[in-house]
Ligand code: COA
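Next up: just one chain, as structure tokens, the form predicted alone.
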Amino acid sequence: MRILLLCHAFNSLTQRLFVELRERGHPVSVEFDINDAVTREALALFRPDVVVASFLKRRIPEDVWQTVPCLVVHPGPLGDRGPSALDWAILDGAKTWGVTVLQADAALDGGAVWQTACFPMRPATKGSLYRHEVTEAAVAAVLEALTRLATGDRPTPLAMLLPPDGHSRWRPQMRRADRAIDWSRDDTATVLCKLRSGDGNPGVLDAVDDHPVELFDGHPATGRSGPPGTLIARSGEAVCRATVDGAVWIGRMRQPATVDDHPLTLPKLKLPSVQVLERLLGVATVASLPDATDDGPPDLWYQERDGVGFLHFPFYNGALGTARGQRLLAALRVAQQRDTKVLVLMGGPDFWCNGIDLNGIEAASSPADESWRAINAIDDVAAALITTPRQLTVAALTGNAGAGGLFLALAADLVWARTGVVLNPHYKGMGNLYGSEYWTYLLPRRCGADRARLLTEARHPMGTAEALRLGLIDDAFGTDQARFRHAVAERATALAHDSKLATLLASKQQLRVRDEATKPLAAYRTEELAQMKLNFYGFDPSYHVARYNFVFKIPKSRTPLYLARHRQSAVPDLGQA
């Protein structure tokens, strides 16, 4: 079927659907929901058999859903309606939740049902639940709905699927007041629940010493207490705030764009809490908080079992800033000195890595200078990983990876990915950024020069099946996070005790010597950074404009041509190459 993905933005769920539908041979095109006229034009140009609305913030025009079947993906179970479905589920403490694929009609989220899928909730942020449980349920439900549609089946009216005494429930857009924290009354569990319901966006509006801030990235603090609402410690980038029965760590804050409809002058950037509070309260005030580095929220740690080292770095949103890159490099060098034969880089559960920290760059006094420092920091990590001398290295991708983060993973000897992760092996979407992390060495080595060029030019997300065919990864397995991590540990342990490991390590060292003789690693880095310097400091501001628009969530004025195949047929398409 010809399928048009209609979306507010090309978010993680939409990317996953794009990957899965193309993998099954469907011609797929994407249109951003900019206005009704643009949507109508997309229908006229592409002539889809069906529209899949994966992520919308407004109604589909009536003349559109009357012309072609429109399947709306709603992140809620049967009968749930409204724009803040997952927010309310977390705040209400729902034990199970679901996804429903509805036929668009005049009733918002009230159309006939094509398919529904349920899942157990876990104590996690809205973003994490959306990227894992919601996405998996949505993919399964959409694929089943399309199968039914293709066979001539029809959707079932919602009323027929609800129990006799049941009815659909409309829940309005969640307001700031609905998840506001009352530090004088809320216990730790309640505070964490409110923080998780707003994580990603819009956060939880709060105040520190009368300075309005939005809170993100909450974690329980063990064994700490103080006067409720007060700041009692700091650790790395996070600060600890007391509740009525304990405390929570808050990793990120953002100054709101408006408070009571009054605009604020400072930029709306989500940044490490310590950095935000240093601006608001002063460096000395924040520095006077007790340092609790040993028991703060972990974002980098090392484990060792059965001759295997596991290096975890669940950095917020997978972003690797200058300081985080330097910390990761130091941890990697320590791990390389351990008496292990296999070293597994685990990344984080939601993102393995997404490359340089664009928020941190945007907040810097000189974004160009900070971009330069950040790219050199991640290049240092990539170089150390490529030249790891005594261990077989594995990048284990539990979560998605993109741009420089994905190319950093390719610096490992083996790349294993959880089935279902989405990979974005390109940089150009960020203002024609050239990229570094030794990608000009690593990518052709895995898939050849021609396919490397197509990958970086196409700018499409990729699933694990396609990545396996191209040689971008070495294996994909595990249907969820827990199964994947368990299988990674088993496979890495088997490698560490394999009688052929010594031969593999010897072959690895010989290959590195040959490659270095052909063209030194330093030469690849010099050439890449020469192009990056033009991106950062040159006359073309495209990278800086794209970064600003990304960080401040500026809506697209048009759908990129590499996604809207109905608007530009000459765009390279790796899937059809």
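So that there is no doubt, residue numbering starts at 1 and follows the sequence shown. Keep in mind that what you see is a predicted model, and the values were worked out from it rather than measured.
One more form of this protein should be noted, the form predicted in complex with the named molecule, which is absent from this view; the next part is about it.
This chain is drawn without the named molecule; in the predicted complex, the residue among Ala117, Ala85, Leu392, Ala403 with a heavy atom within 4.5 Å of it is Ala403. Residue-level contacts in the predicted complex: of Gly325, Gly355, Gly218, Gly399, one residue has a heavy atom within 4.5 Å of the named molecule, and it is Gly355.
Taking the partner from elsewhere, Gly200 is found to have a heavy atom lying within 4.5 Å of the named molecule in the predicted complex. In the predicted complex, at least one heavy atom of Asn317 sits within 4.5 Å of the named molecule. At the 4.5 Å threshold, heavy atoms of Trp439 stay clear of the named molecule in the predicted complex, well away from it. Contact check for Arg131: a non-hydrogen atom falls within 4.5 Å of the named molecule in the predicted complex. Of the candidate stretches 188-196, 357-365, 132-140, 145-153, only 357-365 has residues whose heavy atoms lie within 4.5 Å of the named molecule in the predicted complex. In the predicted complex, the named molecule lies within 4.5 angstroms of at least one heavy atom of each of the following residues of 3-25: Phe10, Asn11, Ser12, Gln15, in sequence order.
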